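Quick heads-up: it's one chain on its own, the form predicted on its own, in structure tokens.
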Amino acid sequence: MKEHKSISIADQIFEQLERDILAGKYQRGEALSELGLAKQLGVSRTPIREAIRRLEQENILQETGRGLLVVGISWEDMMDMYEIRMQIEGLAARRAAERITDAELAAMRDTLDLQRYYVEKGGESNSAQIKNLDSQFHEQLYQNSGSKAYCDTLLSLHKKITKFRMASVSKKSRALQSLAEHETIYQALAAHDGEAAARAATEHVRQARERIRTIETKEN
């Protein structure tokens, strides 16, 4: 039981630190320490140490020999992630269209309906639900491809991108456009049309990249 609790705390610390780093609370190049993080988060050094190890594996933190350095994700990193997703997300969607079951389609339909509900309600108070449902739709798509390699790769990329662009999900116009693109992917999956699913998924990633690029251009 103690081991389970320790792992659970480490998972929570990992999620919090990853979220804070990607959201910019800890800046790229900032030095962190195991002891300092333990004091700041009010936990022992054991779960901090485990979370740091995982963040190093994700190349978000780096051990320099003189301490921990925040690597984070740069703008260029994120654009590269979109490029990678554009190359392989369509392949995953094609596979999903060829093998998806009625039960899996029903689960994706439920996710889309919930996403529509929160998007149409609008407002920043719903942004967390919209983000979570967006991630859930993509996770279902990747899992339904039947490929662990595609699923693991795409889940990691999507997770990092979503946390990086968290501030944009409250914009109703962008949320509505993303929802419409999800619907197009779903309809192709339901028709078991692999080519249409691949095109729709690739276009969805391309549009997402352009939306985030537009935001960055306006803010700078």
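Note that the structure is predicted; figures quoted are calculated from it, not measured. Residue numbers here begin at 1 and follow the sequence given.
FYI, the form predicted in complex with the DNA isn't displayed, but the following is about it.
- Looking at 62-70, 152-160, 22-30, 178-186, the stretch with residues near the DNA in the predicted bound form, meaning non-hydrogen atoms within 4.5 angstroms, turns out to be 62-70.
- The contact residue chosen from Ala10, Leu17, Ala208, Ala200 relative to the DNA in the predicted bound form is Ala10, the criterion being a non-hydrogen atom within 4.5 angstroms.
- In the predicted bound form, at least one heavy atom of Leu35 sits within 4.5 Å of a heavy atom of the DNA.
- Shown alone here, Glu58 lies farther than 4.5 Å from the DNA in the predicted bound form, counting heavy atoms only.
- The closest heavy atom approach of Glu50 to the DNA in the predicted bound form falls within 4.5 Å.
- Within 4.5 Å of any heavy atom of the DNA in the predicted bound form lies no heavy atom of Ala190.
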